[in-house]
Structure formats: structure tokens, C-alpha cells
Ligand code: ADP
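First, one chain by itself in C-alpha cells, the form predicted alone.
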């Protein structure tokens, strides 16, 4: 019965249900424990996945950082300007100067153009004179009232005007009509303190900072354009004639008394104040140099020798090139994409128009090849040519804040790169430093090459410590002008340091670099005075 009764009991549906319920139920503590274990397992899997992803990101980040630093190291090495290379460049510059003075076309690099400036200003000039200084993306109109030896420059005013980009590659008439219009407006505002001689036509000096083959002190044929200009119908034409025709179309009576290069104007301005000024250098949008040479050192000169026995030589040194120039992939890119590929190597490595673009090219390469700024998507602005101007490079370079906040701001404002790490900002800062130092040291080598040519030192012979020998004369003044040199402080520092490095201590002390602010404009007006048709000095 016991067994049968147990069987009947299981057959009872109520009993079966009861048994089933009891068999499926799990104690609460055990159910909670199972859920907890499942959650722990899930969390462990999630943590493991995160660690794997983090490890992959870390490895990727480390790889990218290593690649960036490798690229930076390679670029630094390719841009290096050690002392021996600077010395080679200075000697190469001197050699090309000799070749360019021997005959027309004697140097394929340096034009070495004799100017017809015979009367450098000496301080006795009097009257009201104007100047137009066309040297880059802007031009200046200026007037000065000269008061002779005692009063010197009594008063001066100037206006700077931006040239619309379309005029830089338009027609000659369009460009000169625009300049003449701005000049007429400026003359019309001639106010108190400025007084022209009664019955005298107003005279101006025209600083035209492009290669010109001068045929007289107030005429010259344009050889070719630089600095981004490409106005084909002006090449081979008399620039002064084109300008005076434009002035005439405006109904003004203004005579061009002197056509000069802005570098020549800077030299004249420097000589006006200091007789030891022997050369001048422009470091702005573009670059050039000129200096005072002995006539007997210019075999290609066929005219009557100036009474002074000296003449100013316009070098057009922007086209200097040499295997010793430390060119990089960025220089090749800038050159290929320029309006004058293959020309103006020196200018494209040291001047204000190109330094910012070189920096941009380097940053773009780093972003594309090593995911600088995070990647993989690159800001379109970073790939836009000339989106980074050299003034931004100067601001980046001068940022001394602990976290480089100015660098971050510029990257956001210019390239729309909003999130950067300190290490990325530091790399940008380093690239600007490399490019600015290289440009400044190359400019210094060019200056030393000129000093050697004019006998400021005993030639290229060096002392046992590798420095050039001492100066023969007590002082040589280099007149400097241009926004790059004026506003980029670290560029100034690097250039001066390189000159000192190349020269002996005595020679270095004899070289004085003076900023001739707006020297080209004032100097051009002074040359108009010293070559005036009413000249009475």
C-alpha cells in the first residue's frame, strides 16, 4: 500500500502541480547570486574589450607619435645650416657677384644691375617731394618736407594701400591706373606743413622693386616679375612711361624724377643719416640687396664713370641658388606651385611671402603621413595654399605661454583645428623655429658674401678657428627694411647671431645693422630731391 498509495498521490494533478512548482523554484539568494555572477562576467568582458581597444589606441598613438618625431628629426636635419655650409654659401654669393659684374648675363642667377643713381642724398636737400613704393602685395605713397642741413626731414606722411589680387595678374594699364588714382587722392589731401616751391611741378621718386634694366635714372625696362606678380604685357616696356601715362590720364602734373629699386631707396635713406652705410637689404614680402661698388670693379659698365667713382649695384639676389642651399620637400612644393617655378630660390627660402607657406606644407605632410592633429580626416584649410601667412608664424614662434595657447588659437582660427594636444602645439612651434632660423641664417650668409666682395674683410681667407679675418675699416652699416625683419624679432636674433658666428669678433663688432623703418619710401623721396630738375645743391 505504501508504494501504491505513493503512486496514486503522484497521479493527483494537484500533487503533480505542487511537485512541479517545487522542482522549478530557486531560492532567492541563489537567483541573485547567479545574476550577480552574470553581471560580473559581462563587466569583465566589457573591461577586457576596453583594454584591448585602449591598447590598440595606445599602440596607434605611440606609432603616430614616433612617426611624427621621425619626420620632425628628418626635416630638422634637411634644413640645417651649420657654419661650414654658411661659409660655402657666402663664398658662392661672392663668386656670382663677380660673374654678374663681368658682363650682361655673366651670372644666370644675379642680375647685378648698375643703377644710374649718381647723387646720393647728403642732407642739404630742401622742398616737398613724393614717393611711390611698389614692392609687393601693398604699395605706399609718401610725401616729405625737407628743410636742409639744419632741419632735415621737417614732416612726413604716408599711406599704405593693398593691391587687389586680380591686379597682380591683370594688365599694365589696370595696375598703374589703380596706383595713379590712389596717388592723386593722396596729393589732394596735402595739408598744412607741406609746401612746394612756387611754379615747380611736383616730383616723385618711384621705387619699383622688380628686376629692371635701367636706361637712365628715370627710365627702365621691366625684365620680369617676382613676388606673385604676373602682368605679361608690361615685360619689356618702360615702367616709368607706363606710370606717367596713367598719372596723365588722371589729369595730374607730377613728374617722376628717379626710378629706383626699394633696396636702393633704403640705401639712400641710410646714407642720408650715416655716411658709413654701404649696403642695404630688404626682408619683407620679397627680398633683395644692393651695395656701393667701385666703378673699376664693374667691367660691364660702358657709360661715363660717375664723378664719385662709385655706383650702386642692384643685385636682385632673390634668384641666387646654390647646391649648398638646404632645400627640402616643402621648398620643392612651394616652387612647383608658384607663378615662377625654378626661379627665385633664395627668395622662396628667406622672405615673408613664402615662410608661412613652407610651414603649411610641412604641417600638411605631417598630418597626412603621421596623423598630426589626430587624423584620419584632415582639415581642408590645412590643404589650402597660402592659408598661413608669415605674421602667424611669427606669433606662433613668439608664444612663450606654458601651454602654448596662442598656437592653439591660431590653429583654430586659420585651419579650423579645434582640439590639439600640447605635444602637437609644440611640434608646430618647433617647425616654425626651424624654418625661421634657416631663413635668417641664409640671409646672414648673403650679407657676409657682399661684405667680402666690397673688401670689408680680407677676402675669404679664414683664421685657425674658422672665422673670417678682421675688418679693414672701423664700421660698416647695413640698412635694413621690410616687414619680415621689422616685426619678426626672433628672425632678427637668428640673423645677427649667424653674422657674428661667421666673422671674427673684431669684424663682427664693426658690422652695424640698422632698421631703416620705411627707409625705402623716405629714401626714394630723397633720391627724387637729389635728382630734381630744380636741383641746386
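Since we're looking at a predicted model, the values are computed, not measured. Numbering follows the first chain given and starts at 1. The term rigid core refers to the most C-alpha atoms you can superpose between the two forms while keeping them within 1.5 Å.
There is another form of this protein, the form predicted in complex with adenosine-5'-diphosphate (ADP), and it is not shown here; the text below is about that form.
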Original post:
What is the one choice in 119, 115, 340, 394 with a heavy atom within 4.5 Å of adenosine-5'-diphosphate (ADP) in the predicted bound form?
Top reply: 394
**OP:** Heavy atom within 4.5 Å of adenosine-5'-diphosphate (ADP) in the predicted bound form: which of 270, 100, 286, 449 fits that? Just give me the one.
**Re:** 286
**OP:** Would you confirm whether the three residues 211, 226 and 317 all fall within 4.5 Å of adenosine-5'-diphosphate (ADP) in the predicted bound form, going by non-hydrogen atoms?
**Re:** no
Subject >> Interface membership of residue 220, adenosine-5'-diphosphate (ADP) in the predicted bound form, 4.5 Å heavy atom rule >> reply: no
Original post:
Wondering, does residue 353 line up within 4.5 Å of adenosine-5'-diphosphate (ADP) in the predicted bound form on heavy atoms?
Top reply: yes
Original post:
Does at least one non-hydrogen atom of residue 390 fall within 4.5 angstroms of adenosine-5'-diphosphate (ADP) in the predicted bound form?
Top reply: yes
Original post:
Though only this chain appears here, would residue 487 touch adenosine-5'-diphosphate (ADP) in the predicted bound form if you measure heavy atom gaps against 4.5 Å?
Top reply: yes
**OP:** Can you check 345-353, 422-430, 401-409, 327-335 and let me know which stretch has heavy atoms within 4.5 Å of adenosine-5'-diphosphate (ADP) in the predicted bound form?
**Re:** 345-353
Subject >> residue 135: Cα shift of 2 Å or greater between this form and the one not shown (core-aligned) >> reply: yes
Original post:
Can we say the CA of residue 403 moves by at least 2 Å between this form and the one not shown when the core is superposed?
Top reply: no
**OP:** Using a superposition on the rigid core, decide whether the Cα position of residue 209 changes by 2 angstroms or more between this form and the one not shown.
**Re:** yes
